[in-house]
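Below you will find one chain, with nothing else, as structure tokens; this is the form predicted alone, and questions on how it binds or moves follow later.
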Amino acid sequence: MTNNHAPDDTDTTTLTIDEGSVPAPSKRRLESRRRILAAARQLFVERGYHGTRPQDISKAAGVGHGTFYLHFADKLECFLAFAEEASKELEMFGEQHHTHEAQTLKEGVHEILSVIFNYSEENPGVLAAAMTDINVLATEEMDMPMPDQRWAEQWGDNVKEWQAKGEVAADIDPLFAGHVLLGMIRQVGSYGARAETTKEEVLEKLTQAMIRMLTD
């Protein structure tokens, strides 16, 4: 059985203030976690969730198998950390590439989708992997928010803002609409990867479909 406390990842930080204080993670521990997440990202993209094992991640990261469990309780927790990282990257990407304040529903939807499509183009497969249906992964109730739930809620918040402006039907349930919109992105992303069509064409068609769903 592998020793879970690998010498190169032992946290040697000691308590320096009050007894019971939580020590800050050591640089080696932070570095090993970064390497594990980088390896997990690559494998989840290349092999998918079910095709990736914790020992595969450890090997790709160049750390002992026991080191994986110093950072994550299991593969699902590692996957959620990867998805959280991808979500934050997408948000930062959107902030950096935000061009102007959308004035209409079409502009708003198109702007959000453009960010998603452009991020996906620069980071192939990352969002597709992060959007894996979490319901088939979790075997018990999780305390951590699921990636698809958070993204659906973000779309729901956008729907509420559009409703306040009178651009979206008032009788639409924002959160339900958020899940529908997220599902459309997931399915169209798969279609776009297979179909011989340009990103611009897919973006335009998806924008139109979303607007019709929100206004009809």
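Between two forms, the rigid core is defined as the largest C-alpha subset superposing within 1.5 Å. Note that this is a predicted model, so its numbers are computed, not measured. Don't overthink the numbering: it's just position in the shown sequence, from 1.
What comes next is about the form predicted in complex with a further copy of the same chain, which does not appear here.
With a 4.5 Å cutoff on heavy atoms, residue 28 does not count as touching a further copy of the same chain in the predicted complex; it lies far away. In the predicted complex, a further copy of the same chain sits beyond 4.5 Å of every heavy atom of residue 154. Looking at residue 165, you'd find every heavy atom of it more than 4.5 angstroms from a further copy of the same chain in the predicted complex. Although the partner is absent here, residue 34 lies well away from a further copy of the same chain in the predicted complex, with no heavy atom inside 4.5 Å. Each of 59, 191 and 205 is positioned with at least one heavy atom within 4.5 Å of a further copy of the same chain in the predicted complex. In the predicted complex, the residues of 148-168 lying within 4.5 Å of a further copy of the same chain by at least one heavy atom are, in order, 148, 149. The Cα shift for residue 60 between the shown form and the other one, taken after rigid core superposition, is smaller than 2 angstroms. With the core held fixed, residue 169 shows a CA shift of 2 Å or greater between the shown form and the other one.
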